[in-house]
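Just the one chain here, the form predicted alone, laid out as structure tokens.
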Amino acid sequence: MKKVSESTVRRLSRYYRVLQVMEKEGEATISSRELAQREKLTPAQVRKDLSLFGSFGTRGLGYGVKELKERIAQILGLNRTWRVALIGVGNVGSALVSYKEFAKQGFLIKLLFDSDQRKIGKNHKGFLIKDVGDLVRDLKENQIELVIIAVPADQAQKVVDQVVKAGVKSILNFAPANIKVPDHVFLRTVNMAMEIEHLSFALVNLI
């Protein structure tokens, strides 16, 4: 398979969501033109993205909605479950625990961690909050595959270092910090402040 860009992966996620909606609506087929129109892309871009992963659909007839959705789910790793741990049960962390889409997409939160002694050992939305001091051991014992970081910025790098030490190779970071990880670890950072700043820039300059 050719090297796949981040923008291609993002578009695959968008295609997947369109196909989910169409399947619920009872649609059986969709053309590259229809899929492109729904996502404000070109048919050529849709075909190029899909061609990276093999042959899809029938020329002149389009794609089977159910079949294409299932194939993209397989490409994105959504056809299986993933064991997830969340570190930091503050406002952001607590909201993420309640986010039902994680489980629907196969991302199953198994462990919660915090450093606040007032929270450790308490039940939070059905989970026992564990001590972050036992992070490496507990991540290994529970075979955690993905970790979500929702801790203060000044604690983030130390926590991430422990996550890497435990052998976890995929991290979603919500801490507003510049995190460094080894090349073999995949890190995604969601900086909500920066996203809002992007919107404010648009309001000031583009409207």
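Just count from 1 along the sequence shown to find any residue number. Just so it is clear, the model here is predicted, and its values are computed rather than measured.
The form predicted together with the DNA exists for this protein as well; it is not shown, and the discussion that follows is about that form.
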Notebook entry, point to check: Wondering, does K66 line up within 4.5 Å of the DNA in the model of the complex on heavy atoms?
Noted result: no
Next item on the list: Indicate whether the DNA has at least one heavy atom within 4.5 Å of a heavy atom of N142 in the model of the complex.
Entry: no
Next item on the list: Answer yes if any heavy atom of T42 is within 4.5 Å of a heavy atom of the DNA in the model of the complex; otherwise answer no.
Entry: yes
Notebook entry, point to check: Is R11 close to the DNA in the model of the complex, meaning a heavy atom pair under 4.5 Å apart or at it?
Noted result: yes
Checklist line | Candidate spot R71, R80 and T81, all three touching the DNA in the model of the complex (heavy atom, 4.5 Å) | finding: no
Item checked: Partner-proximal stretch of 176-184, 159-167, 146-154, 23-31 relative to the DNA in the model of the complex, 4.5 angstroms, heavy atom -> 23-31
Next item on the list: Let me know which residues along 35-55 have a heavy atom within 4.5 Å of the DNA in the model of the complex, or say none if there are none.
Entry: T42, A44, Q45, R47, K48, S51, S55
